[in-house]
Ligand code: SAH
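The chain below stands alone and is given in structure tokens; this is the form predicted alone.
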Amino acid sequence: MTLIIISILFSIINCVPQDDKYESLRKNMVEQQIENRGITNQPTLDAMKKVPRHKFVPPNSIERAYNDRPLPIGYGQTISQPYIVAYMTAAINLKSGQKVLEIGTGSGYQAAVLSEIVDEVYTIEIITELYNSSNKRLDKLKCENVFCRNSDGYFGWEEFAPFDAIVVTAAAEYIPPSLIKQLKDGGKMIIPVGSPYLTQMLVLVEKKGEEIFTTSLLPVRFVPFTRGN
């Protein structure tokens, strides 16, 4: 009996620092990499503190999950730098009750962050292997308000349009008209625009009635917007 109790206590003692370690890393990530760079949108900060980024990277990258850099996730894709995830989320000023479309699920991290703020997240991934793994991961983490689809994100998800906001996590040479069409009046889209493998411009798109307004925000480097055959 004594051995069992000691074993249980050792297990508890062994687990707690691990959990605390990642919580502390998330807190430092938000304070040092995000807040210190001027992002003050509270829902974004709260979501970034809560979502366990280390569970969205490959096993060999877990110790680097909270570093200030993007990381490879396979198939030529990456999980974006924490600051960029926060910047894009804050730029569209999300609120509870809204519905968001994400193009480029990747590992599912951006979708998980969005799911902490809005009521529904619809996310599209064209690479089947990434779709399968991110769908399972989001399900395991009980992101029950995230709905995944394996298809070409260029065409959006018309069945559930219009969306309050659209987040595109891959660089397109131009803003897809189909996505603009699926944006709600008063809605916002954020998308990197420019040539693949070069520096692109992160662009904020705002839809007001029949008019579309664009604002260039900052230079970025994203993987290319992958299209179907």
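Quick caveat: nothing in here was measured; it's all calculated off a predicted structure. From 1 onward, residues are counted along the sequence shown.
Just so it is clear, the following notes concern the form predicted in complex with this ligand, a form of the same protein that is not shown.
Colleague: Examine T89 and determine whether its closest non-hydrogen atom to this ligand in the predicted complex is within 4.5 angstroms.
Modeller: It does not: once this ligand is placed as it appears in the predicted complex, T89 has no heavy atom within 4.5 Å of it.
Colleague: Quick one: is L101 in contact with this ligand in the predicted complex, heavy atoms, 4.5 Å cut-off?
Modeller: Contact with this ligand, no.
Colleague: Taking this ligand as it sits in the predicted complex, is I84 in contact with it (heavy atom to heavy atom, 4.5 Å or less)?
Modeller: Outside the cut-off, so no.
Colleague: Can you tell me whether A170 touches this ligand? I mean in the predicted complex, with a 4.5 angstroms heavy atom cut-off.
Modeller: Contact check for A170: yes, within 4.5 Å of this ligand in the predicted complex.
Colleague: Quick one: of C148, I117, C143, I126, which gets a non-hydrogen atom within 4.5 angstroms of this ligand in the predicted complex?
Modeller: Flagged contact: I126.
Colleague: Check each residue of 193-226 against this ligand in the predicted complex and list those with a heavy atom within 4.5 Å, in sequence order.
Modeller: Heavy-atom contacts within 4.5 Å come from V223, P224, F225, T226.
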